[in-house]
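Given next, in structure tokens, is a single chain: the form predicted on its own.
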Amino acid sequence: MRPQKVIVLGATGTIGRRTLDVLKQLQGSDPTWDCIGMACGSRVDQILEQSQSHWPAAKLASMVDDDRPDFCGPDAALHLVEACATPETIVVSAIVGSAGLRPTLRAIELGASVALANKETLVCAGNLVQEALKTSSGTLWPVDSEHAAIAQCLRGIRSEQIKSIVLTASGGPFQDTPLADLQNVTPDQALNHPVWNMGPRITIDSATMANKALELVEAHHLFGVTDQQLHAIVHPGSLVHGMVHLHDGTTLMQMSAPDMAGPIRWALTAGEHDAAVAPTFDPAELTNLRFSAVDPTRFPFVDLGFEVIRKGGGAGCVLNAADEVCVQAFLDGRLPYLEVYHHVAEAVDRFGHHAPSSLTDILELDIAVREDVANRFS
């Protein structure tokens, strides 16, 4: 395991804070581990309070105006990456939404390895990321629990041996809620996830299963598989994070407690399983591993994810942009819960034919979709 100089983008978010916890553990056994840069989308005071006692020399960036960090403003994370990222660093991309796209892609171009928790980077610009990786000395390590699980299952497996890949979904808080009651779901109810402690957007996306649509698109780009080779299944216990079916009838699955420390450390250490950072469950206590098919009526976002894969081009960018706008509108009380899917699906239908060929094209499409969707319920 080669110690790394680490940059954390999204340092005050759920994944960012957990990453800093894992880094403290790594530094405890090997002091050459170091956090050299942190960026967040809020005031940098949160970073100072949380972690400057451990990494006082780290460069700071805030995406809001602040006179204390080294970098500030909307491009703060990008500037931090350009100042600090080298082939000797690993960049943890944990900024939520499309705001993480430019700094993540730039980190790859600069040869840094990337621990990717920002699924929107691949959803919006998967082709650009793959092209950048061809000429980069860096490596992409998925941090999402599902994709980290699949990557672990695929170690030593050739692509022609893969029959299909299965992503598990918790089902969120409304797995058993009567369909008639979903119309009146409140933000507080949707934010009450039964298993995971996550940020607001991903928690709402877990409730609607928009996150699974995004993750299917991400898996398509990460593992080079078609929509026909991808499946999603509901697993409320969140112990099995992913499965791989092989052509010989073998099924590989990865199991672990629902704690992001495991996949974060796995990514930071380039695939090592050398120390316990999350609780280990006792298999003897597993009396029931419940799985069920995704109900397309309750969770239509999953089918939309497959449609986006088939469309290709800019459809992933449209899916993400529209979902970000609609989730925020729901959280603000401006859009009913069930209308989130309908507005996103309509946006994919209106804009999904676009085929952006550059990062500039993608960012312009992102802006156009956001403005269009926001104007429909403002």
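Nothing here was measured: the structure is a model prediction, and the numbers come from that model. One rule holds for the numbers: they count along the sequence shown, beginning at 1.
Below: the form predicted together with a small molecule, not depicted.
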Every residue in 94, 202 and 260 with a non-hydrogen atom within 4.5 Å of the small molecule in the predicted bound form? yes
My question is simply whether residue 352 lines the interface with the small molecule in the predicted bound form - judged by any non-hydrogen atom within 4.5 Å. no
Contact with the small molecule in the predicted bound form for residue 118, defined as at least one heavy atom pair within 4.5 Å: yes or no? yes
Using a 4.5 Å heavy atom cut-off, state whether residue 162 contacts the small molecule in the predicted bound form. no
Contact test in the predicted bound form: residue 110 vs the small molecule, heavy atoms, 4.5 Å: no
Just to confirm, with a 4.5 Å cut-off on non-hydrogen atoms, which of 27, 52, 42, 328 contacts the small molecule in the predicted bound form? 42
Just one of 369, 362, 22, 15 has a heavy atom within 4.5 angstroms of the small molecule in the predicted bound form, so which one? 15
Considering the small molecule in the predicted bound form, find the one stretch among 223-231, 152-160, 303-311, 94-102 with heavy atoms no farther than 4.5 Å from it. 94-102
